Each structure stands twice: as structure tokens, then as C-alpha cells.
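Take a look at this single chain in C-alpha cells; it is the form predicted on its own.
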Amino acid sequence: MCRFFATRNLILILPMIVIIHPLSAQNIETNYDESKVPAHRLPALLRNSDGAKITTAEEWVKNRRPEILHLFEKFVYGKSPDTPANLAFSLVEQDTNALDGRAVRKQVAIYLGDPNNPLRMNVLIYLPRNAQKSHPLFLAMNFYGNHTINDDPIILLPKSWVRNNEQLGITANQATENTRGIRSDRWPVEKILQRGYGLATLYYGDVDPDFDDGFQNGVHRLYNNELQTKPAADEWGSIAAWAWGLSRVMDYCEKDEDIDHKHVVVMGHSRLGKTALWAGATDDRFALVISNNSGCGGAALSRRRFGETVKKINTNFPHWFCENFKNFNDKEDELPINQHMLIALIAPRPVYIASAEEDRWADPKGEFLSAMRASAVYELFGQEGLPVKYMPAINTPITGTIGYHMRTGKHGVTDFDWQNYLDFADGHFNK
């Protein structure tokens, strides 16, 4: 079948745990000692570039927010193209009795670029199987293919480049049948459905394969001008491209009557947590934003230089951000923005920031401080941002319009995380 349509809690004292991150192969010294965090001052969140103070929500929306968004585009993520005119959707598969009768499954292809030779993004959607007309939705990208989130044998395998992973049995940069369901521990599909939410996911490599080849693959090549072979220094890197891809899925959600497009949650983990934050900042159609262990370039304050730094991330992953970001390697204090300002761009919509105790590379304290500092903008809107000024105890979620927790464990997505994300969404969607 095919159709087309265009309280304050205890202060937590963290032990110093030295972790050598597998991707920090450049032998750049890493700081995991809080006493060695350099003295720093954050850029003014509520002052315009001319020094004028922002005192109302109207002034924020009209003056300061556009300035900050422009600075992030110019110096960090890069500017992305507008919504493309040549955008098409195809419902390639549907089953109203999926997962042993517990779900409706849809698989949707999104076509970009030349209609005769398009780039195809495959979106997997599960919806609760009941009589409700439309359902709120969690939207998140995955790292190894839609088929890895559940062992459902009907899920399509990606045909695009896949990152090799010996532990997961992925070789030759290809998805295979033996990888079906290998990441199901991170995707509690049944729990999400039982709570009344749908889940949509797409493989991030369908938008832009995650390796540096000068942007000759993926979506970038479709939107170069005739004189370009790669994006300009202030144009989109891979994180911005992935965020742009999430917005294209949102375009589809607005057309699907089974999805409550006014209540779509964009969620991401690690580099895709950075992506979710940027998607939420640039596309206000996302009603709620969740960042899981996003670290440097995500929720963590870069001026702390704790764990992963701007230089490390640009050295290890030169394609993630725009070229201009490299000018701030070891010069974080010269960057006119910081990540608390990224979170503030999402206001007044709810946002949840989550950290993991052992994920020192991602700087949990820096993530908390970003969430706390962003609260000032939420207060302009008459809302409580993050209702504490000190890090909460481990496994103690704190929620206002901004939510935060740090759980036990390592870098990853757990049932504890999902339980709190579902509860947070319930609270803000009045379910």
C-alpha cells in the first residue's frame, strides 16, 4: 500500500572517577577533577548584545532569543536549509495487529531531493492499538537501524552505511538480520505503548552517515549550491542535519491523523541528545524535549572544560559541528554563547536533562548547571524552571518545567530514564 502527500535536595559530592573514554584517542589530557575546573564566567543570558537587560518574555522572544539562535547557528551547529519543497511521504507498510495485537505498526518512507534519485529516510512508528483517534508520540533517532529496537521480523533493515561494532556483530558497515532486536534493552516499546504513547524512530545514518568524508554522503550533498562541494563554515554539520531530519519526520506527523502532532516529544541519547536539543531549539513544533547523557555540545557547559571539551569533540568528530566551531578549540571563553543558552531557547516548552553518575566524560554537573541557569528564561514566562539550585541526590528526579536527574550507572538509556521521561510527559500533557 502506498500513498503520497506532500525542593532542594542534598548536595551531591561526586567522587573523582577517572575514565578513559574509548573515543578520546588523541591523547589530549582530560580533566575529571572538580578542583581543576577553570574560573569562568558564563555569557549573559538576559542581556542583548547592546547590553540592554531583558525583563519580559516579550523582550526575550523579540530580541534576545533571535540573537542567541543566530550565534549558535553561526558558531556551533551551522545554519540548516529551510523545509524542502520536494518532500514526499509513502506509507510502505502497515499492520493494525502488530506485536501480538498490542500495536499498530507503520513504516513510512520520507523522500528528499531529486524525485528521480531521492534520499530515503525510513521511519518506524508504533501506536497503541485502541479506539483513540490520535496519540502523543515519542520521536527519537537510533544508532544502528530501526530493526535493532525490537525483534519484530517485519521491520525494514537500513540499506545505508552502518557503523561497525564488534560487540554487536556489525561488520562491513552493513545491517544484517542477526542484528535484529540487539538494542531492545534501550527501547521499552511495550511500556511506552501501555502508557498511551506512540513511538517513532529513524536510523540517523539515513539522514547523514556518521563519519567524516567531507560531507559527500547523506543529506548535505542535496542542498549545496552550484559552487559548493561541502557546507560553508557557518552551515550545518551532522548534528544539525540529524536535527533537520527529525523536523522532516515532524512534517509527516502533522499529516497523520493517528498522531497527536501537538504532543510530540523529541528525545535523544549521547550525540543524538545533542541533536534533540538543537531540534527542540530550532523547531517549536516539538512540545517537549529530552536530552539523555548529551555532554559537550549538548547540555554540558563547555567553559567548565570537564571531561570532553570543545577541542576533543572537534578533533574526534570533525563533521558534527560547523567549521566555525573549531575556532574555539581551547578557547571556550571566547565563544559568545554556552549551553545553558541552548536549553533556554526551548522555553517555555518543557525540557528534561538526564545524566549518569559514571558518565564523567559527559560532565553531569555541567549538565545540571546548564539546566539550572536556563531557568531564568522560564521564569520570564511565569513558569518554574528547575526548582533547585543544588544537584539532587542520585536517582532523585527533580521536575519543574525543566526536569533533571542523575542516575546510577554508565552512559546509556535505562528503564529508570524512560520511567521518568514518561512521567514528565504525563505531567505536562495532562494525561
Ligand code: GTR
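In case it trips you up, residue 1 is the first one in the sequence shown, and so on. Not measured: the values here are computed from a predicted model.
Just so it is clear, the following notes concern the form predicted in complex with this ligand, a form of the same protein that is not shown.
- Checking 84-92, 111-119, 263-271, 243-251 against this ligand in the model of the complex, the stretch whose residues place heavy atoms within 4.5 Å of it is 263-271.
- This chain lacks the partner; the member of Tyr144, Tyr223, Trp187, Phe317 within 4.5 angstroms of this ligand in the model of the complex by a non-hydrogen atom is Phe317.
- A heavy atom within 4.5 Å of this ligand in the model of the complex is found for exactly one of Val289, Val123, Leu127, Ile313: Ile313.
- This ligand is not shown here, and in the model of the complex it never comes within 4.5 Å of any heavy atom of Tyr197.
- Contact annotation for Trp236: none of its heavy atoms lies within 4.5 Å of this ligand in the model of the complex.
- Not displayed here, this ligand is kept clear of Asp206 by more than 4.5 Å at the level of heavy atoms in the model of the complex.
- In the model of the complex, this ligand lies farther than 4.5 Å from every heavy atom of Phe72.
- Contact check at 4.5 Å (heavy atoms) against this ligand in the model of the complex: all three of Glu308, Trp361 and His411 pass.
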